[in-house]
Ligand code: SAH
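Just one chain is shown here, as structure tokens, and it is the form predicted on its own.
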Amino acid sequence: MKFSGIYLKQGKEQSVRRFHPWVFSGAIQRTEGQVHDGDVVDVFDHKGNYLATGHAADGSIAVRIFSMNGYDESASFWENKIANAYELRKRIGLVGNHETSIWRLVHGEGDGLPGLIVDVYGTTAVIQSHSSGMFLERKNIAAAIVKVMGDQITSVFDRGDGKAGGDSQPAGEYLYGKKDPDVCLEYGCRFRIDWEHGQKTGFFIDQRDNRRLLGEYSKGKKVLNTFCYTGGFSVQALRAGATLVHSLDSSQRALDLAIENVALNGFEENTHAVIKADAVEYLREKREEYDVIVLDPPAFAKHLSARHKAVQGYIRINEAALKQIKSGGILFTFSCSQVVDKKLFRDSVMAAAINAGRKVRILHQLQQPPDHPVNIFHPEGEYLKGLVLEVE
């Protein structure tokens, strides 16, 4: 089938030839035919040589490439893509894992499917589209998931709550099956997942391995988990034997979920408390002294224009934590801002340490887990950065 064509300016094809999955609007010389947001388009160099196929998009990223070999609209196209992603998760031990039933099946560019996220919670697959093109393909994607995963999946839910899909986009729907039990496992800990209304697809799966690492530093310690959301870090700290864990968030809904998840795992009430507050303000008031602090804020910057402001935000919150933490304490600090790279984040934390007048040593440099793979040709996909610091 012939799709609309996008022709690049001379020399602008080099990034595509180097397998970068984005075509920026400034690289386009002309278009052939009517091109709308979400359309499948073929990309050509200035001489008319075929380069790739992807979804057209409004904005600076004009095409998100999902194939270098064309697209025939057959069911097998999506089945092959999903199967490739599924096989990776089998190889890293997530499929059929009796201790962990929460994992990511498709991670956008990392799996050659820009604009698409698919997370698995038990026997439910949750689709989240970050492009109109993937939203328009959601039924084909759901069918492919069912075909590839077979009886391991009994329902597929489409979040339908991103920017993709326009005003007509539904609030969310089951494309296959119906709602399954929503209590799932992460390294043996139980969590209730609200994939219909929660943030992202209901859980921050990318911190799975980092939460387990926190447990290694939590036995017998007093722990503060800021931006706690559903209490993932809190549960792992309590499981490891923390004497007291405080879960802090500005959202009462998040705190209620954290309380529920702590109870699901049978921990005593006197070992856990929730605090509704702004993290920086709470840390500056220095009401408590903590052995371990977790700083896992939402992205402070989603665009380059906000990067400077984000850096100031990271300095501010890390400085407050470093001033507050006990001598010999452990700070887990993270950034999920894609436009803040590892070096810039590390420099921001160093500036915070200087301001706080504390000496620190890096014990671990953290990142997203292997079910959130990074396409080596798309370094922008390495969004999660973390440091574990010992504070003298």
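Bear in mind the structure is a predicted one, so any value in this text is a computation, not a measurement. Each residue number is its position in the shown sequence, starting from 1.
The form predicted in complex with the ligand exists for this protein as well; it is not shown, and the discussion that follows is about that form.
- Of the candidate stretches 235-243, 145-153, 270-278, 216-224, only 270-278 contains residues with a heavy atom within 4.5 Å of the ligand in the predicted bound form.
- For the marked spot (S15, T53 and E109), a heavy atom within 4.5 Å of the ligand in the predicted bound form is absent from each of the three residues.
- The partner is absent here, but in the predicted bound form a heavy atom of S251, alone among N97, N80, S251, Q312, sits within 4.5 Å of the ligand.
- Residue in contact with the ligand in the predicted bound form (any heavy atom within 4.5 Å), chosen from D296, E319, D158, D291: D296.
- Not displayed here, the ligand is approached by R211 to within 4.5 Å at the level of heavy atoms in the predicted bound form.
- The ligand is not drawn, but in the predicted bound form it has no heavy atom within 4.5 Å of N265.
- In the predicted bound form, at least one heavy atom of F204 sits within 4.5 Å of a heavy atom of the ligand.
- The ligand in the predicted bound form is not approached by Y121, whose heavy atoms all lie more than 4.5 angstroms from it.
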